[in-house]
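What follows is one chain in structure tokens, specifically the form predicted alone.
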Amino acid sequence: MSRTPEIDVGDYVREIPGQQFLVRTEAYTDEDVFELEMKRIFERTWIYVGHESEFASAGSFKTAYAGRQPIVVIRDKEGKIGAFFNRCMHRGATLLREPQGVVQEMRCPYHGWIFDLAGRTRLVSERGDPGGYGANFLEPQGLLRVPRMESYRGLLFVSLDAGIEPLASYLGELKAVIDAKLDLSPVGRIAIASKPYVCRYKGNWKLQTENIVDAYHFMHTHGAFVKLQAKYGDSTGDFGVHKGRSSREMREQRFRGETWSCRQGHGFARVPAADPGYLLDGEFGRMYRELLDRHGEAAFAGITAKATSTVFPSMGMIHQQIRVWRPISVDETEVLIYPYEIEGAPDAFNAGMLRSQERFYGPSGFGMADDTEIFARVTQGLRASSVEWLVFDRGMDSDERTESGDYRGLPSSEAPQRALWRAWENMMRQASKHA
């Protein structure tokens, strides 16, 4: 049974503007805090559930979660994509358990009730048998629809809060990052063409939210990869994703650009392309020249920049992948990595990017292995609970506040991590007023 813990979250984040930013250890380790997060964050904000390309035909579905609430997203025979609570209206069993697939209908495995692709009740099994349902039976009309589902350029989000602000407004400054990534496509679209790489780590979900936009950690956590890259460069399949012919050059390249802390909790880091001229004259120069002609120099600079980003609380985009993380418990998290293809780009371009993804993020790569090891070490270290606070001060004195209420920081600022914690505190406190 779900419960609402009686704890005061008012002193978990301490900020002295421009000077100090602290987060209490229990924000990562306390089971009661975790339970509150599921209710007060994951059930009240926008949660990414898939991309439209994953629902190619009638009956294509994905299962997902908003916090701990199971959801199924499915395309009906009219071509519409709908989101429903993944629960039979009879006795509560989940209808679909596979991560994704194609079905003709949604059939409950418990007593055989059937719902069509639009969620309507199509069959109540053995309805007229002895002891069945009488003439006055109030048949449920169908599955309960998730209150809100919206799409931004094919990215599908749901919310259990019917009154939440529109998705486009919620994305705020981050729309520019998403637009730039999708505008790399000559036709402005991406497609997810493969199953995700799935892993779990021992640690709190917020470690992943912090890490994916953490420019500061790369040269340290991924030190072995840095040495490999400095020695072999693109010859082992990097495909130009990690620039630099030496550790020094790689460090210089990574500490360019800017970081952002968005008021909605999103964060991103953006690094300009190391050599736009190389792109225009290289193997895929024709594609890049056409993009330059179509979008102009300013937009082209954004398209060719390398950006990593989070959509608060549990979705990110980095290189050519969409990443989703699902909290399992206070100290366990599941991560799903979806490489995507750039529609209209040469096959060799998409193949090269996929090889690069496999090289760094795959099971035998460096990225996830290094990061999950660090997550486990952080989780182990946080057991030293006598140390009350974690420090997120880096770059505070140089962050600039924008007119929209966001913060723009220097390349290795912890501005994106502070975005997470400002939104976290705001939602936990606001919700507590209604608890």
Partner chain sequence: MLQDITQFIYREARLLDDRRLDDWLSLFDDDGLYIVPLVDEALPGRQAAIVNDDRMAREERVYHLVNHWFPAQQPPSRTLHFVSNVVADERDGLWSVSSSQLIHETRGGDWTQVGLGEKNAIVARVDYLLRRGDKGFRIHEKRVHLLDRAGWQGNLAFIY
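None of the values given here were measured: they were computed from a predicted structure. Residue numbers count along the first chain shown, from 1.
One more form of this protein should be noted, the form predicted together with the partner chain, which is absent from this view; the next part is about it.
**Message:** Only one of 168, 102, 224, 187 gets a heavy atom within 4.5 Å of the partner chain in the predicted complex. Which one?
**Reply:** Selected residue: 224.
**Message:** Using a 4.5 Å heavy atom cut-off, which residue among 319, 359, 323, 270 comes into contact with the partner chain in the predicted complex?
**Reply:** That would be 359.
**Asked** in the predicted complex, which of 26-34, 48-56, 367-375, 385-393 comes within 4.5 Å of the partner chain (heavy atoms)?
**Response** Selected stretch: 367-375.
**Prompt:** Does the partner chain come within 4.5 Å of a heavy atom in each of 196, 351 and 380 in the predicted complex?
**Reply:** All of them do, each having a heavy atom within 4.5 Å of the partner.
**Prompt:** According to a 4.5 angstroms non-hydrogen atom cut-off, is residue 363 in contact with the partner chain in the predicted complex?
**Reply:** Because a heavy atom of residue 363 falls inside 4.5 Å of the partner chain in the predicted complex, the answer is yes.
**Message:** Can you tell me if residue 232 lies within 4.5 angstroms of the partner chain in the predicted complex, counting non-hydrogen atoms only?
**Reply:** Flag for residue 232 set to yes.
**Asked** Wondering, does residue 341 line up within 4.5 Å of the partner chain in the predicted complex on heavy atoms?
**Response** Yes, residue 341 is a contact residue.
**Message:** Would you classify residue 176 as touching the partner chain in the predicted complex, given a 4.5 Å non-hydrogen atom cut-off?
**Reply:** Although the partner chain is absent here, residue 176 would stay clear of it in the predicted complex, with no heavy atoms inside 4.5 Å.
**Residues of stretch 159-189 in contact with the partner chain in the predicted complex (4.5 Å, non-hydrogen atom)** = Heavy-atom contacts within 4.5 Å come from no residue here.
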